[in-house]
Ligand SMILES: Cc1cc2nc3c(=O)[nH]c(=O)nc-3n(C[C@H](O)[C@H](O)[C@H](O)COP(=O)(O)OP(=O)(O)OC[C@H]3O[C@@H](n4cnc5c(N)ncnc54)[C@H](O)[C@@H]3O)c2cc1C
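Single chain ahead, by itself, as structure tokens, in the form predicted on its own.
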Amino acid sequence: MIPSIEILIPKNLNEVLGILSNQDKNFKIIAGGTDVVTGLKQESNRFINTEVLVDINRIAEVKGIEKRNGKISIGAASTFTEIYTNPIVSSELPILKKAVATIGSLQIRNRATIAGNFVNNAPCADTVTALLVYNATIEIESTNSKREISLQEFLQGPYKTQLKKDEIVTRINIPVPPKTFVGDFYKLGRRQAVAISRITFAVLMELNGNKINEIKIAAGAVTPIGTRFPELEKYAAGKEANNDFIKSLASKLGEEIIKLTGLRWSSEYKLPVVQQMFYQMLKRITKK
């Protein structure tokens, strides 16, 4: 049962920041509410001490999607439906669009927000891998400061981020990818829809003929948090994207994941699945 709780509905970002600057109460930001409301109802340890909810759903400064100065800027409270239907995202960020399409149901996508997905930082957060390969940065504000850091730096551990008590994520910024880059997103769940991911991959690469000029690789759900693989990316740069090399790259990805997670009881069957799915994904991309 959801406890009786105070809800504040500020009119603008300055009001939000003023509220969060009060260190005497435990505030929780709410926009879509798909994580917060569920967490309160289940009496999750992450939400159980919440005293006040701060509703930012009507704050213009954290809404909207625009292209400016070579970057695509997405408001933190943009819903997944708004992102999926946005023509800028459709044209410039197809991997993110595909990731968003896999999330929950239509009703959830109409409510859930992109910042809520990675601020919660569940290992299975579906948009994180796509944002990582796009080199996303996030803007964070408080009454005293404004900073912009990479998403990978922001994510610290399962359900843990750099966000301080008096801060709010306001926007996500993504450099416009060159048209020479191709990529894909893959999600494996226990069913076809409304499923928590068991494996997610995102890959973005530039090919010169059959040679890999540059590649960006991220995985989620099979790692403690969404994770890029810089050493694997360096290894692949300059290589021919033939079948033998793609097999070796998939094998090395499995090795990198084991380094992060250690051997588990599920590794014996999960690792071959991870490697095979990644191999098939690379085959699809290199045929595009």
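The numbering used is simple: start at 1 and walk along the sequence shown. Keep in mind that this is a model prediction, so the values were computed, not measured.
There is also a form predicted in complex with this ligand; it is not shown, and the following applies to it.
Residue heavy atoms within 4.5 Å of this ligand in the model of the complex occur in exactly one stretch of 211 to 219, 97 to 105, 174 to 182, 143 to 151, and that stretch is 97 to 105. Taken together, G32, T38 and I168 are fully in contact with this ligand in the model of the complex: each brings a heavy atom within 4.5 Å. The partner is absent here; in the model of the complex, the one residue of R58, K28, K247, K239 having a heavy atom within 4.5 Å of this ligand is K28. Exactly one listed residue, out of S91, N120, S73, N110, brings a non-hydrogen atom to within 4.5 Å of this ligand in the model of the complex: N120. Although the partner is absent here, L204 is not a contact residue: none of its heavy atoms lies within 4.5 angstroms of this ligand in the model of the complex. Interface membership of L163, defined by any non-hydrogen atom within 4.5 Å of this ligand in the model of the complex, is confirmed. Mapping the unseen interface onto this chain, Y134 falls outside it, with no heavy atom inside 4.5 Å of this ligand in the model of the complex.
The closest heavy atom approach of F229 to this ligand in the model of the complex falls outside 4.5 Å.
With contact defined as any non-hydrogen atom lying within 4.5 angstroms of this ligand in the model of the complex, the contacting residues in 114 to 130 are A115, G116, N117, V119, N120, C124, A125, D126, given in sequence order.
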